[in-house]
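Only one chain is shown below, in structure tokens, and it's the form predicted alone.
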Amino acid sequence: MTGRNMDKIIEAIDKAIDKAGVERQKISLVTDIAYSPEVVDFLGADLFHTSRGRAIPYATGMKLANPKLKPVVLIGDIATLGGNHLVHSCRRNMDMVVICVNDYIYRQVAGEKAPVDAATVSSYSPYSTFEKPLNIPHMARSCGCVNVSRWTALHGGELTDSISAGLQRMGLSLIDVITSTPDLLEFYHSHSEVKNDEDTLNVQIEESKKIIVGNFYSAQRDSFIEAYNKQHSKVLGDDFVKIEVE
């Protein structure tokens, strides 16, 4: 937990809830990242720990069962496990905040290489890799996500603002948070460059280049439940009972 600087991300969530003015009992924290639930007790929000790669579908079911909830989903390097769930939640524009804790941790799981990792040597890849990592912000935007940002865990104020914005608007917000052990995180932060409104095509993380961070994209379109209500009202007319969100 501490080694991955999750405390900084949890602190940003805490401040963002206050800034957004959202009732804490309406926040549901859903995560596939293993850590002690006591760490988030002070948030005053419910925590649900799911199996690896399944946090987004779990939060989707939660949102559909109780549309008044606002799920905040913490996922690991989603490119390996659960990436397809992110693709379809963006396409549907599910109303939730997804925080991708991007610390290249998958390189440490069973010695396997991760598609988000660019340069690690492991027992399975003694000559490193020639494959590029996924451009997570661009993937999210391409699939229909309406709010896309990236920060390091040391960009506390900016990260808080992005989470707060996601809590206040309908639809899916994706925040790619670069983090790691404290020494590496300092390196990532010092080698980052803020470029708000940058085209997500240009934010690929590449070796020997600055990590581009910022609020990249914001758009407006119906969330899944709003679109569901419109379509079923159109087809069924007065026979349809709308799903109330507020």
Partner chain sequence: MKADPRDVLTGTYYIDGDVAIAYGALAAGCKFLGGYPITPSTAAAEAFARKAPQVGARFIQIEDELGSIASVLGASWGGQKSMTITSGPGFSLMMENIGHGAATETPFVIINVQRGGPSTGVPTSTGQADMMQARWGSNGDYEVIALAPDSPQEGFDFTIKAFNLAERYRVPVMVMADECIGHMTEKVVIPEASEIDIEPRRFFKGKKENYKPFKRDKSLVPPMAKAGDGYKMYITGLTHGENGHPLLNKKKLPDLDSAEVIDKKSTNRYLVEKIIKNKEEIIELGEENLEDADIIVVSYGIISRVAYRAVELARKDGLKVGILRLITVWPFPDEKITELAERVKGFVVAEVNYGQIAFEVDRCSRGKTNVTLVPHGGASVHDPDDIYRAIKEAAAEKKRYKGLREYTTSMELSVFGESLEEKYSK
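Residue numbers count along the first chain shown, from 1. Remember, predicted model here, so these are calculated numbers, not experimental data.
Keep in mind that the form predicted in complex with the partner chain is not shown, yet the notes after this line are about it.
Per the 4.5 Å heavy atom criterion, the partner chain in the model of the complex is contacted by stretch 65 to 73, the sole one of 202 to 210, 65 to 73, 215 to 223, 189 to 197.
Looking at residue 169, you'd find every heavy atom of it more than 4.5 angstroms from the partner chain in the model of the complex. Taking the partner from elsewhere, residue 239 is found to have a heavy atom lying within 4.5 Å of the partner chain in the model of the complex.
Residue 180 falls outside the set of residues with a heavy atom inside 4.5 Å of the partner chain in the model of the complex. Residue 155 falls outside the set of residues with a heavy atom inside 4.5 Å of the partner chain in the model of the complex. Residues from 43 to 66 that approach the partner chain in the model of the complex with a non-hydrogen atom closer than or equal to 4.5 Å are 44, 45, 46, 47, 48, 49, 50, 51, 52, 54, 57, 58, 60, 61, 62, 64, 65, 66, in the order they occur in the chain.
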